[in-house]
Structures are given as structure tokens and as C-alpha cells.
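Have a look below at one chain only, the form predicted alone, in C-alpha cells format.
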Amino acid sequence: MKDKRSILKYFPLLMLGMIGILPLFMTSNYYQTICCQAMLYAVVALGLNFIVGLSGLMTLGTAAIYGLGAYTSALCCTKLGMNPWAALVPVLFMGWLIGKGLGYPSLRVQGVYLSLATIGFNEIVRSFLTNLEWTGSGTGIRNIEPYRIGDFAFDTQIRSYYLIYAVLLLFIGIAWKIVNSRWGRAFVAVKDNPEALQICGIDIANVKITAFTLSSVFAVVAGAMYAHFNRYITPATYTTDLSISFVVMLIIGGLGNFWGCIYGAYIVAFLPQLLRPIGLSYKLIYALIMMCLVVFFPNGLIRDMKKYLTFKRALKGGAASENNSQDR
């Protein structure tokens, strides 16, 4: 019994270790690329969890923020000749700016109205990226240089994989620290009991804006990493469908569940690719699977599986005690 509990307790760490050694067993460049995308999606989901999972606010504009991070870094490198690492400074500033810009509307509108506002933001950004000449219009930006450390370039699949893996570990550490700090508790209080938060003298407006800012910073950095990993970006990538997929990652993993963000990111990234051999109907099958996961695991895979295992152990314990009493 204790062995099973210890395995469940340390399963997230085992999972991170498995992600680290995965390229040693995965020779396909295609699936290594999907793994890199899943790790970047996990970074975005960790940031989005501050807003949707902890604070209880719904936003559907994350794809636009992800895209702005990619375009900011790509334009700084291709148009201004900046080093990709130096370009992270304007990327972080862009994330801070977007967080402040989207945080203030959340003070006046909530629920479906906030969702509609962020959908509008997503479409406005995508329209600008598609029509402006200096962003490459609909054709996007090509020949984006990779990250380098001296003469060592992250220009191969395996090198890019471990760079993104290191970034994922970094942001897992940052997100863990925030979730378990007073800010994390304040985010949860905004959703559960905002009146008590006001009584304690905490500014709810500041908490909401901070949640949006942190989420935006996570998304723009992931977007910048994607641009230099893929070496080519286009506005067609950053659709509202992608924003919805980011929210689905949280729902599958469990809203507010820290490790669930990573599980959900891998499921959403890999499942469509595994279903592609079915043919054109794979999208329908994917949608049905997602619907079943939401219906049968409403609290997320992690929480509901834990509840199921706890219930199963309780039944076994009850049956064992009943047998013992009968023996006596």
C-alpha cells in the first residue's frame, strides 16, 4: 500500500525524468518535434493556470500572446539583427505589456464577456500579423536563426529538444514557487472568496492583473522558443482553435492542478497525431475522446484517478475488516 502511494507521490518527478530520456529511445524526428511542441504547450499551460485554473477567469486569447512572443523575437533577430538571447528582453517586455493590457478589462467584464473580449483580441492580433508587410503578411517569417551559446548552436533536433526541456524545468520551478506563495493563495481566493480577500485588505484588481501578467510572460517566452526552434512562423498557427486547445489542456489535467498542465499538454499535442492514420475522420474521433474525458473526468484526470484509487483502497480496507470480524 505504501509502495503504491509513494509511486503516485513521485510520479510527476518520474514523468519529468522520462521526458528527459525520451529522445534516447525516440529516433523519429517527427515525434521529437511533437515532444518539443508539447513541452512549449506545457509552459503556456502553466502560465494560463494562474488565470483559468487558480483565479477562475476565462481567457481565449492565449494563442495571440504566444504568437506575439514568437513574432517579437523573430522580428528583433531578422529585422534588427539582435542576438536571440538578447531578444528575450523585448519579448519579456511584450509579455508584461500584454498582461497589463488584458488584465484591466478583466476588472470590468467577467465570464462569457471576458471570453468574447479575449477572442476579439486573438482575432485582431492575427489579422494584424496577416496584413502588415513588415511581419511578412500571410507568408510569415522564414530563416529565423537558432539560439547559440558561443559557437554551439541549438540547430539540431536533439539540441533543440534539450534546450526546450531546460526551459520547461525552469518554468516548472518558477510556477511551483508562485503557486505555493502568497500570490498563489491570492489567485485561489479571487475565485473562491473575493469578499474575504477585500476584508484582508488585498487589492483584487492588482491580483487579477498580476495573474494575467504572469500568464502572458510564460506564453511569450514559449512563443519565442517556438520561433527559434521551428525557424519559420506564420499567422495561421495562432488561431482561436489553439487558444481553446490551451484551455482544454487545463480541463483535462484538472483546473488548478499544477502537474495536470503538463499531462494535458502532452495529451492534446500527441493524441491528434496518433489518430491521423485513421484518415479524415480523425478530428471527429479526437473531439469525441475529448468530450468523454471531460464528461467522465470532470475534475481532471489527476484528481479523479486519485479519487478512484482512494475509493478502491477504502473498499478493500472495508472488505478486509469485515472478513476479520467474521473470522473472530
Partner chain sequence: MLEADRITTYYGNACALREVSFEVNEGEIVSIIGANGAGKSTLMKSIMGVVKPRTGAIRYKGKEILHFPTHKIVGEGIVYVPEGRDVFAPMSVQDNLEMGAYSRPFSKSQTEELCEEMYQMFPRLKERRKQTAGTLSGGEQQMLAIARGLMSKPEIIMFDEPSLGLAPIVVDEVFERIKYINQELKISVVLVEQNAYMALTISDRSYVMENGRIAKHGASQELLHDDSIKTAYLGM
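Predicted, not measured: the structure shown is a model, and the values here were computed from it. Residue numbers count along the first chain shown, from 1.
Just so it is clear, the following notes concern the form predicted in complex with its partner chain, a form of the same protein that is not shown.
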Inset, instruction - Spell out, yes or no, whether the shortest heavy atom distance between Ala186 and its partner chain in the predicted complex is within 4.5 Å. - result: yes
Legend entry - Contact label in the predicted complex: Asn193 to its partner chain, heavy atom within 4.5 Å: yes
Legend entry - its partner chain contact at Leu197 in the predicted complex, heavy atom, 4.5 Å: yes
Legend entry - Asp241: touches its partner chain in the predicted complex, heavy atom cutoff 4.5 angstroms: no
Inset, instruction - Work out which of Arg142, Arg182, Lys79, Arg148 lies within 4.5 Å of its partner chain in the predicted complex, going by heavy atoms. - result: Arg182
Legend entry - Heavy atom within 4.5 Å of its partner chain in the predicted complex - residue from Ile202, Leu255, Val167, Leu97: Ile202
Inset, instruction - Quick one: find which of 82-90, 217-225, 155-163, 202-210 has residues within 4.5 Å of its partner chain in the predicted complex by heavy atom distance. - result: 202-210
